[in-house]
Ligand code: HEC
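What follows is a single chain, given as structure tokens, in the form predicted on its own.
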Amino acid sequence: MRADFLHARPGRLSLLLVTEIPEHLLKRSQARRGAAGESAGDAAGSTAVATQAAAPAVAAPKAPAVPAGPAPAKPDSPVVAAYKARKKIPVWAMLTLSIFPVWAFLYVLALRPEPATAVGPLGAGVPLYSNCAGCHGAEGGGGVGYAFADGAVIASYPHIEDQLRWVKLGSDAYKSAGVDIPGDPNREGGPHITGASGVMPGWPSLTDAELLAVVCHVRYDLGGGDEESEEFALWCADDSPIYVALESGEATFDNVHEQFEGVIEIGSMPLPGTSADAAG
């Protein structure tokens, strides 16, 4: 150790002591400081690694799934390939062909003749006959009551007036009046006797024009009467003057014989029937 007088102030002496450090101690001290620094660096590195290891791992985002492409189409069989290659029918042609059956039906229907529609007393008598069909048959073939077909009704009542009276009054009125034969007494095969074939109900609820209409239907549509006869023209034709008079109320069964020549009295009471050769 040495002492150097560095400064001298009045009244005081400053002494600076300088100590010399041996060279080998200085190097040892520097080596120790270097080793300590490396240890601190290693510790800091270990701490950083541990911190990174402790931190939760962040999952990497998944790539979007790419859909697999369609499977390659199976090749068509020869039959299918031929069908696809065949020339298709145009849409307008298909539409035309689809409505062809309807058009053909309408065309054939248009060619059919219109059925004749009966007018006058024959036309009016068809629906009224439903009251009679239960006993005499839908076609007049008979049943509980007498048959009308094949001229049978004309044979029983050669004059329409006798049949009109019978239909209006019925069998009970004839039996009460003691009239046994309402029709032709000389009928071939024997006359029809009142009540012999069940009860014939009267139809006073029908008008005189309606009674004529149903009797015309029975005599000419079902019974096969002669439509060229004078009786048909006078009583049952489309332009029958008696039917028009009865329908309008200008005539009744009580006075029709007074208004038309050759007509037998009908009246409102039972009367014996007339033969084929009797005249009005």
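So that there is no doubt, residue numbering starts at 1 and follows the sequence shown. Values in this document were obtained by computation on a predicted structure and should not be read as measured data.
The discussion below concerns the form predicted in complex with heme C, not included here.
For a residue to qualify, one of its non-hydrogen atoms must sit within 4.5 Å of heme C in the predicted complex; none of Ile160, Tyr243 and Ala245 qualifies. Shown alone here, Gly145 lies within 4.5 Å of heme C in the predicted complex, counting heavy atoms only. Remark: Cys135 counts among the residues lining heme C in the predicted complex, judged by a heavy atom distance of 4.5 Å or less. Contact annotation for Ala251: none of its heavy atoms lies within 4.5 Å of heme C in the predicted complex. In the predicted complex, none of the heavy atoms of Leu169 sits within 4.5 Å of a heavy atom of heme C. The partner is absent here, but in the predicted complex a heavy atom of Ile193, alone among Val108, Ile99, Ile193, Val80, sits within 4.5 Å of heme C. Among Val199, Ala104, Ala85, Val126, the residue placing a heavy atom within 4.5 Å of heme C in the predicted complex is Val199.
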